[in-house]
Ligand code: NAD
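What follows is a single chain, given as structure tokens, in the form predicted alone.
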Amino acid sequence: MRALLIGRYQPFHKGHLEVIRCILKEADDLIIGIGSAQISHTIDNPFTAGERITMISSALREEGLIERCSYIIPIPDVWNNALWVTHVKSLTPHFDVVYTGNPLARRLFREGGIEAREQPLFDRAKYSGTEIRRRMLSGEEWESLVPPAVVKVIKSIGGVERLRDITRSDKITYLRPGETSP
């Protein structure tokens, strides 16, 4: 059985790695779809599709899982739910089942005649892209939440600095007398 796992991977973290391990207990082969592939350099999507492919492939290689994950495919949004499943199918090799944490995506695949399963979640409060990006922005420790190979990729591209730059405003902030920061 070949499975498809779709996520944004902003960034790829240890929770994603555990999901992949679980899926590979059921599936012979896994396609990893990178959702919202066209979006980067935003607070919610700071990394490019190419950077996410590098993160994922590096982590899978490091964990000895790369041979069972035959494709990592960027999937841009089409902003039309009626066309989305057909769009995904046009970009990927054949798959038998899809795994996603997104309830709408599961519904759309099921309506399109494809078995869709909810992916297991692992310590979601800790292992989430939102939490990792929050920690990066606040200067907290984030490296333990992602595989070592992903830490290397993020550091090599200046990912934390990029995220901090993205959050800066170009609005002029005026201080009141006595204030030291907005």
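Just count from 1 along the sequence shown to find any residue number. This structure is a prediction, so every number in the text was calculated from the model and none was measured.
Omitted from view is the form predicted together with the ligand, to which the following refers.
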For the spot marked by I6, G35 and G101, is every residue within 4.5 Å of the ligand in the predicted complex through some heavy atom?
-> yes
Residue stretch of 53-61, 135-143, 120-128, 148-156 approaching the ligand in the predicted complex, non-hydrogen atom distance within 4.5 Å = 120-128
Flag V78 as yes or no: does it have a non-hydrogen atom within 4.5 angstroms of any non-hydrogen atom of the ligand in the predicted complex?
-> yes
The ligand contact at W84 in the predicted complex, heavy atom, 4.5 Å | yes
Though only this chain appears here, would I72 touch the ligand in the predicted complex if you measure heavy atom gaps against 4.5 Å?
-> no
Any of the heavy atoms of L163 lying within 4.5 Å of the ligand in the predicted complex?
-> no
Going by heavy atoms, what in 130-165 lies within 4.5 angstroms of the ligand in the predicted complex?
-> none
